[in-house]
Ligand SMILES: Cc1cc2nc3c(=O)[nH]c(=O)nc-3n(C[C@H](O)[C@H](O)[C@H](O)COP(=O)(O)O)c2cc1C
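Take a look at this single chain in structure tokens; it is the form predicted alone.
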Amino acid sequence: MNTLWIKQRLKIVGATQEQLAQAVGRDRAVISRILQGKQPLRLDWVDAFAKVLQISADELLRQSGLPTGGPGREHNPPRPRIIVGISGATGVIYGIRLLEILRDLGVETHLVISRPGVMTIAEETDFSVAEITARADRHYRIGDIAAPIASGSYRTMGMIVAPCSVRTMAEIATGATSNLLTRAADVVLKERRKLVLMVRETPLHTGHLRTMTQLSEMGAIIAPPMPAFYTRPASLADMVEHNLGRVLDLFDLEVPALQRWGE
């Protein structure tokens, strides 16, 4: 992206980063990352950016290094997709915050929440299910086994189950899936895509550990949310953010705020 040109354009038209942020419904930090070249410009934000900059959408696409394709821009590459599963384990805030981070990174999210997950959301947060599904690009009913994510021909980067209950983990390990969440995970495994399970349980008995070993042998990544204290977290939100940043590292997605050891 020609960030210098866009910054100059802002000065020419007398616009601000705050106006860009308001135009796409995000905070100024997201716009700052885009203008620093740390985050790509989302295709669905092009028209709003172009309006603030008082240029055509095609001109902005050219300056951003993206292909132009007329009014519909049919030839633009699709956004990367990740499936997000929220099961009934404690820690549903991981899934909620994950949706927000992926949205800011320009990743298309496909959400499915288990029935126990709905119960845990009510117990642990003040969010309604509707507020959470609104954070995803698409969401599906738990029993919708005809959903696109139930088929291997529907291409995604993979899936993150955050949090992942031991029942969900066990069902994925057996391949005897009973709902869309575990079916989608099974599809990710069979297509040799990345499946990350943020398993929330402690202590673990031998059966849990054997199931984790089985899943690891099948290609899944077991990533229990473990706090890193070298970052000196000031809040639970800091811990959640760091855990999710490390999980997204597995998909080569850079979370700008992630504090790394030695950096």
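Please read all numbers here as calculations on a predicted model, not as lab measurements. Residue numbers here begin at 1 and follow the sequence given.
Omitted from view is the form predicted together with this ligand, to which the following refers.
S.K.: Among 103 to 111, 126 to 134, 152 to 160, 81 to 89, which stretch sits within 4.5 Å of this ligand in the predicted bound form, heavy atoms only?
M.R.: Stretch 81 to 89 is the one.
S.K.: Among the candidate residues R138, R192, R167, R141, which is the single one with a non-hydrogen atom no more than 4.5 Å from this ligand in the predicted bound form?
M.R.: For this set of options, the contacting one is R167.
S.K.: Taking heavy atoms and a 4.5 Å cut-off, does P148 contact this ligand in the predicted bound form?
M.R.: Result no; P148 lies far from this ligand in the predicted bound form.
S.K.: Heavy atom to heavy atom, is D58 within 4.5 Å of this ligand in the predicted bound form?
M.R.: No.
S.K.: Answer with yes or no whether E201 is in contact with this ligand in the predicted bound form, where contact means some heavy atom within 4.5 Å.
M.R.: So E201 counts as contacting this ligand.
S.K.: Would you mind checking 98 to 123 for residues with a heavy atom within 4.5 Å of this ligand in the predicted bound form?
M.R.: Contacts from 98 to 123: S114, P116, G117, T120, E123.
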